[in-house]
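Let's start with one chain on its own, the form predicted alone, as structure tokens.
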Amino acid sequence: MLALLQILLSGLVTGSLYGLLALGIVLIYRTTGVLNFAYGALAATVTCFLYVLLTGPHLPFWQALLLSLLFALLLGAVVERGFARPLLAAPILTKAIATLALALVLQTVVQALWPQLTSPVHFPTPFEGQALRLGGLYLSLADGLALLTTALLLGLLQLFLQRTRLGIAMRATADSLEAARLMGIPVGLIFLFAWMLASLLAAIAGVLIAARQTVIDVQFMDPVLLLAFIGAVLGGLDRLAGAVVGGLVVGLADNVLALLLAGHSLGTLDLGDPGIRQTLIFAGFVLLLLLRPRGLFGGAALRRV
């Protein structure tokens, strides 16, 4: 029983990180209509920038983190103005494919600037090796920060969208682009802010994931992004809270399957292999979408904004 509880706790942490990434994916899609497959590359770029600040000039962690988050806002603004804005009127499939190209560009730039990150390197943090003991359960400080940060950011984002003029303007733009323009809402600035905010969320998620696994390279976010997309789609792609819940479902499924399949085989097939686990998650995802095409919490209609 204790082992199961530990696995469930680990699944909540993993799922919260998927959910944090899914938050940014949903925010961009709801506001601008872009399925951003470069989201993992954005997170990895900022995390690599943080690594360089920590290992090059050897800045204190929190100072380097602040500079990295400011860099994330700038990167989001540059991507929106230089990439997303010219493609605003393009079909959704065109924009999705273009984000794949953007991911390759970002990875190539990072490899050219910091070639040491083409191979896995140790990612230093001040809370490495620190853990909390909850009864018979263990929670690393990095895991605890992941849970707390995801819950806090979701709450703040919901309050921002519900209670501030800028947040209400973003919701109006998401609901109807033309109506928002007729009401005098600066749609261009809304798009810019949405990309900057999503880039900030990606950066935070990337840093938390790097702190948890303690090893990064330029492509360390690629396998995480796919599972985060599954969480976003499960949540409905139009619900911020649904994105987090979808991420939690995927994280819990991943960890529970790891426990159930460990040490088992089918002939020569090792069922404990991570590839088998991911295959089962993808299969379950497809089956669920056959029953609920708009996800667990998707609205009656998914509108392009």
Partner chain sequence: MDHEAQATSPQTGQARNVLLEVRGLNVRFGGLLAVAGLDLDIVEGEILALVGPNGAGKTTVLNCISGFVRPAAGSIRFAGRDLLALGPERRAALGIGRTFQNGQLFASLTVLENLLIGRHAHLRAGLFQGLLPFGPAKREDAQARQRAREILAWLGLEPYANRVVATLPAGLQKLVGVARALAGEPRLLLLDEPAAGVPMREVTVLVEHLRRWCTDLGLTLLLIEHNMHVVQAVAQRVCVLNYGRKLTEGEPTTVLREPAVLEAYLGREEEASPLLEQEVSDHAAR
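Numbering follows the first chain given and starts at 1. Note that the coordinates shown come from a computational prediction; the quantities given were computed from them, not determined experimentally.
If you look for the form predicted together with the partner chain, you will not find it shown, but the lines that follow are about it.
With the partner chain left out of view, the stretch that reaches within 4.5 Å of it through heavy atoms in the model of the complex is, among 185 to 193, 79 to 87, 104 to 112, 200 to 208, 185 to 193. Residue 176 is the only one of 149, 176, 219, 116 with a heavy atom lying within 4.5 Å of the partner chain in the model of the complex. Site annotation in the model of the complex: the residue of 226, 100, 145, 172 reaching within 4.5 Å of the partner chain with a heavy atom is 172. Although the partner is absent here, residue 165 sits close enough that one of its heavy atoms falls within 4.5 Å of the partner chain in the model of the complex. Of the heavy atoms in residue 277, none are within 4.5 Å of the partner chain in the model of the complex. Of the heavy atoms in residue 160, some are within 4.5 Å of the partner chain in the model of the complex. Contact annotation for residue 153: none of its heavy atoms lies within 4.5 Å of the partner chain in the model of the complex. Contacts to the partner chain in the model of the complex (heavy atom within 4.5 Å) from stretch 69 to 99: none.
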